[in-house]
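Here we start with a single chain on its own, the form predicted alone, put down as structure tokens.
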């Protein structure tokens, strides 16, 4: 068995793991990173990046298809559009390949040793890795667990045959005629909307009373309207029971007890994700848990000295940018810097049509924490740039303390609002007040003006509404 030693061992090369390793290497820490699959993890290879590529392709095709039937309000006409999904997937795979190569180059640039294989703990300082060339034993002074998460499988709908997870959905070579999506969270709605634009007949089945249950109803309404325009059927308070008797449909039970068969060439199950811990030998370690997740403190330390955990394996929110920030912080802590985790503002984005962004506290969350709030909301229907883009649905909303005007949260729903998320987060992190946003000159005509107008409205003197 080959043996090697290092100061820091990172297990998992997803966004959190590779950022941690790169930063550690920059700080001169002798670092090894272990990855069983492709560098980049779920986000880069079968998650964030490929799904956004598919969503963009679907948006482009949908626009051309509408032009072909004379529904373009801008007077654009096209003829007989079609899509070769296999070619689209190949284009998507090319993007993923370029990014994974980029991650490898960045790790090498930071002098991080890369070991390909599956890691398993022997004890709190030693890990065995099964590589293509045999067993590799790695001893480390500090270990970061960044193993990520996997899609949750329903007992009644195991992943096989026509029942697929988001991973398989992003590699389909043909558009399903009928697609049933079990789970109305952000993954299900993003992919369901994309496939509807590509030509599939889509049905969303959600167990709660509202799709996107983590967002308030005002943010969800524009998305729900758009789903109707796309012909997507939405069943809420409905439970997926399994396959129908002939195995060719999804059996659903509604809130009133009715049983429905939903025609489905493919059934996409998106009911959540679970931490990836099985098979890694974590059961050999005495690590505290918070439910199925590893419990960490404000420095991402687990209950065992010298072992840290970051990203999805530590629980919600399961977001790549959260994992990245944690990874960078842990590397600096190991290098001797004083750092602590501040989760005041982790923006969440739902890449539906229209998109949703939430940063900081919602009005309800702010009130639950005891704040009296001022709320300013400005619609894109009154924004010149949104009008010129044919994207008037949605709004920007600012939540601030009533006594000091300190901004507590910013939310938005609308076309392309994901690109406004940085300004929302920056305002909260910098401790901005309504006057700061209102007094910042925003370029015209841009959709970002809606943020300024929302702040002005909260102050009582909006200019354009």
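Residue numbers count along the first chain shown, from 1. What you see is a predicted model, and the numbers here were worked out from it, not measured in a lab.
Absent from the display: the form predicted together with nicotinamide-adenine-dinucleotide. The rest refers to it.
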Inset, instruction - Please name which of the stretches 188 to 196, 135 to 143, 81 to 89, 337 to 345 has residues with heavy atoms lying within 4.5 Å of nicotinamide-adenine-dinucleotide in the predicted complex. - result: 188 to 196
Legend entry - Interface membership of residue 251, nicotinamide-adenine-dinucleotide in the predicted complex, 4.5 Å heavy atom rule: no
Inset, instruction - May I ask you to check whether residue 331 falls inside a 4.5 Å heavy atom distance of nicotinamide-adenine-dinucleotide in the predicted complex? - result: no
Inset, instruction - Report whether the minimum heavy atom distance between residue 351 and nicotinamide-adenine-dinucleotide in the predicted complex is within 4.5 Å. - result: yes
Inset, instruction - Answer with yes or no whether residue 205 is in contact with nicotinamide-adenine-dinucleotide in the predicted complex, where contact means some heavy atom within 4.5 Å. - result: yes
Legend entry - Three-residue site 233, 357 and 386 fully in contact with nicotinamide-adenine-dinucleotide in the predicted complex at 4.5 Å by heavy atom: no
Inset, instruction - Report the residue, out of 266, 226, 273, 125, that has at least one non-hydrogen atom within 4.5 angstroms of nicotinamide-adenine-dinucleotide in the predicted complex. - result: 273
Inset, instruction - Have a look at 283, 316, 364, 372 for me and say which one sits with a heavy atom within 4.5 Å of nicotinamide-adenine-dinucleotide in the predicted complex. - result: 316
Legend entry - Heavy atom within 4.5 Å of nicotinamide-adenine-dinucleotide in the predicted complex - qualifying residues of 154 to 186: 154, 182, 183, 184, 185, 186
